[in-house]
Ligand code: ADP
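The chain that follows stands alone, in the form predicted alone, written as structure tokens.
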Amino acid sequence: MRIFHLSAECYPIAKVGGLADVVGALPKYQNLAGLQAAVVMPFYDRKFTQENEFDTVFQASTLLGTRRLYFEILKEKTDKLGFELYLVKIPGLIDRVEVYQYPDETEQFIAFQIAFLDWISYSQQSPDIIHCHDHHSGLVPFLLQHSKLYTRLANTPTVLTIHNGQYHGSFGWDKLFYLPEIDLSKTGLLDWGGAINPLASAVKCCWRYTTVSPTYLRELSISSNGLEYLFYLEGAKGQGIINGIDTDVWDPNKDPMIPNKFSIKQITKGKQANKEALCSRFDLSPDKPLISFIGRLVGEKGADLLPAAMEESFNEHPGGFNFLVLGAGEKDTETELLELKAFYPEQCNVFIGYDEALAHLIYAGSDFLLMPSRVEPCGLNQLYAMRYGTLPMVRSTGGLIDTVIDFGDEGGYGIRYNHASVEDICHAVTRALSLYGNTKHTQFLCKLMMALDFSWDRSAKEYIDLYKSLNPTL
């Protein structure tokens, strides 16, 4: 079974969020299960592309409206990631450093999709499944069915995975001419809310779509930034498959990014050693409970609530715990967190930015990981935390509901709360500190979490079953 995954991100080539982690792991596990899965993504001028060798496997030109673009398809030579990696490179358009936030982002992703389709069409590639990820590849299902250029591929099954339904990639009808020749009677399949909406189009045109957790599938018809009715109408095509994690990368027993490796049998000693290294780096006491936050400092993640919630919790529990932040995002939130650090220097520290090795150390050395998300389609951070014996403190939403059971419930091991609010966060902190005081119970919960299976093996099988349902001959 030949699968092409189309994505704007893939770890370790280019990562902004959880999309990269999923696309960097799922194909590898599908290949281990006997598929031929490959990733196709834009070229980025980053460390990975600078340090690895590529073969040029295809060269051609295509049209973006009236603009002729030369493009090439580069393949990483050794398949070192566990799958074939193909990069679409277009000089002056898709050869930059950053993934997003360019003024011609619409043109970038349209050109990426057209170049991919031209390549597999002209080179007589015959994939069994084309698996699109988020809106960046959302026009592909429509173009396969309604552009004369790609009629040979019109019966190729397409799967869409929605990692975040809040982002649609919409653009105005004045840019319709960027698309290759299409059946103009079908433009309603592109439209949502008076604009061309790639995510909406993909939901309409794909054979099946998935979300990264069962609960998020239900939530999309309630909150999806204007696509609620569409998800209600197309609900029968949807399936929720919880993300997995790459247990080779995220393994505290052999993680090269943490100074003290540990197994479930050495959890107490191992976590304390990593906590001491982490606290030493940030001038915090290793003798106090450590609550950490890792993620984008944006409203979607509830990061704007952190300064007020932590200040109130510090006042409620004077000297009772430490708080550490790793992330970047909205400038107001960054400023407020740095002010919190200045006001509580012995209890709080903040790292503005992102550092992969530091993230690993925080998972290994923290006692609790705070996730007050307003929206969390799946969430990977809580899975990483549990793998490293760190108790998650999560708001009940999306995949956090599907993966974290409150320790007060039967079989529970984490902390859950209902609202993205200062009050609920503060209550969760109080519960965490109370739990921390019961050493035996905390150790039991940590061991219970580390023994849970959130590997990609299970999730990869669900995707394979989905693929086979679309093409029973496979």
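Everything quoted here is computed from the prediction, not taken from an experiment. From 1 onward, residues are counted along the sequence shown.
The protein also exists as the form predicted together with adenosine-5'-diphosphate; that form is not presented, and the subsequent description refers to it.
Q: Can you pick out, from Gly327, Pro214, Pro392, Pro307, the residue that has a heavy atom within 4.5 Å of adenosine-5'-diphosphate in the predicted bound form?
A: When adenosine-5'-diphosphate is considered in the predicted bound form, the option within 4.5 Å is Gly327.
Q: Just one of Arg281, Lys237, Lys186, Arg296 has a heavy atom within 4.5 angstroms of adenosine-5'-diphosphate in the predicted bound form, so which one?
A: It is Arg296.
Q: Have a look at 348-356, 140-148, 68-76, 95-103 and name the one stretch with heavy atoms inside 4.5 Å of adenosine-5'-diphosphate in the predicted bound form.
A: Every other range fails; the passing one is 348-356.
Q: So, Lys301 and adenosine-5'-diphosphate: in the predicted bound form, are they within 4.5 Å at any heavy atom pair?
A: Although adenosine-5'-diphosphate is absent here, Lys301 would touch it in the predicted bound form, with heavy atoms inside 4.5 Å.
Q: Is Phe368 a contact residue for adenosine-5'-diphosphate in the predicted bound form, using a 4.5 Å heavy atom cut-off?
A: Close contact is absent here: in the predicted bound form, Phe368 is far from adenosine-5'-diphosphate, nothing within 4.5 Å, heavy atoms only.
Q: Using a 4.5 angstroms cut-off on non-hydrogen atoms, would Leu380 count as touching adenosine-5'-diphosphate in the predicted bound form?
A: Yes, contact at 4.5 Å.
Q: Any chance Pro12 has a heavy atom within 4.5 Å of adenosine-5'-diphosphate in the predicted bound form?
A: No, Pro12 stays farther than 4.5 Å from adenosine-5'-diphosphate in the predicted bound form.
Q: Go through 190-227 residue by residue and record those having a heavy atom within 4.5 Å of adenosine-5'-diphosphate in the predicted bound form; state none if no residue qualifies.
A: Result: empty, none.
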